[in-house]
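Encoded as structure tokens, the following chain is the form predicted alone, with no partner shown.
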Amino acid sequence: MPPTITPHQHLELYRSMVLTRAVETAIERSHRAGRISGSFHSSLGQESCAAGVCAALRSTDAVTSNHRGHGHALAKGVTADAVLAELYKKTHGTSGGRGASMHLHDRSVGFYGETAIVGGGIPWAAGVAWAKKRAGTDDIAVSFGGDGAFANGVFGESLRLAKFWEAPCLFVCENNGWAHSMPVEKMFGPPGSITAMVRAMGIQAEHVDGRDVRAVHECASELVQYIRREGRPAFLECVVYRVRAHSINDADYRYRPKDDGRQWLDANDPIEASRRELDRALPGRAAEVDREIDEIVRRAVERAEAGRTPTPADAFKTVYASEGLEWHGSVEVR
């Protein structure tokens, strides 16, 4: 069945995808120029999953993410300014310049953060969902993770606990074909295999082709409605592809053809597919969005370049401790 969203809704999904693509491209360019240091895991080519799912959520819904999470942050409402400043390690970044690429967070828009621990965000989301239910709201939590994360034991444990708690949580697997250098088909089987495993546990589960952001959004919307209505967890497997290497320092050509990602993107780019559809339905509007996003990201890079770097004194700000372990203004070094 073809997607039923309106062209204007499609345009907003397109905007979200283009923003992520532009930010990821800017980060990659700055990293290669030596302006950004540290690890960087690009979600280029996977933008449809973050955009399609997060567009189905409220600002009060919670999202947890992984090491490849810039798109999740942006789609949930974190600004390009805050993301780029954090990558540049500047004080107006999401974590004040402390966290860099894998530790973005912004509770004000419901983005509960990334983690460098593979699968680490999955139990966070289950716990947040349970807490929201106990608080008497119908808000939900969403966990994004790759296929490698869903091969970890923590996924099965979190899923069983969420089922037992009847926690309103959507577990989203971005099946991008690779768990670092491990082909997903050797680990799980063809697309939909992870979904079948989850269904066998008696949990509502669907899989969707991530090349069409409209299909992703409609499938996610149906699952979100189910979760709010029933107060139970659900699962979505979004089939995308990891176009770039695992990280910017990974020589992925050692385990796959060097032009593998580029060939996939040339044939399957979800942004290009949306642009073609929008050019027919809303002539000229996609190009307007492209120009708007280019300017937003250009200015964000300029502000990140000019931003303030944290000082040693900043390390003592926003630090908290349990009662009885307060900071007394001095420390004994032995």
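Position 1 is the first residue in the sequence shown; the rest follow in order. Here the structure is a predicted model, which means the values were calculated and not measured.
Only in words, not in the display: the form predicted together with a small molecule, which the text now covers.
**Student:** Of these, 110 to 118, 160 to 168, 209 to 217, 256 to 264, which stretch puts a heavy atom within 4.5 angstroms of the small molecule in the predicted bound form?
**Tutor:** Only one stretch passes the 4.5 Å heavy-atom test: 110 to 118.
**Student:** Under a 4.5 angstroms heavy atom criterion, identify the one residue in 123, 191, 148, 99 near the small molecule in the predicted bound form.
**Tutor:** The residue from 123, 191, 148, 99 that makes the contact is 148.
**Student:** Which residue among 180, 229, 199, 134 has a heavy atom within 4.5 angstroms of the small molecule in the predicted bound form?
**Tutor:** Residue within 4.5 Å of the partner: 180.
**Student:** Quick check on residue 176: any heavy atom within 4.5 Å of the small molecule in the predicted bound form?
**Tutor:** Residue 176: contacts the small molecule in the predicted bound form.
**Student:** Test of understanding: in the predicted bound form, would residue 246 fall inside 4.5 Å of the small molecule by heavy atoms?
**Tutor:** Yes, residue 246 is a contact residue.
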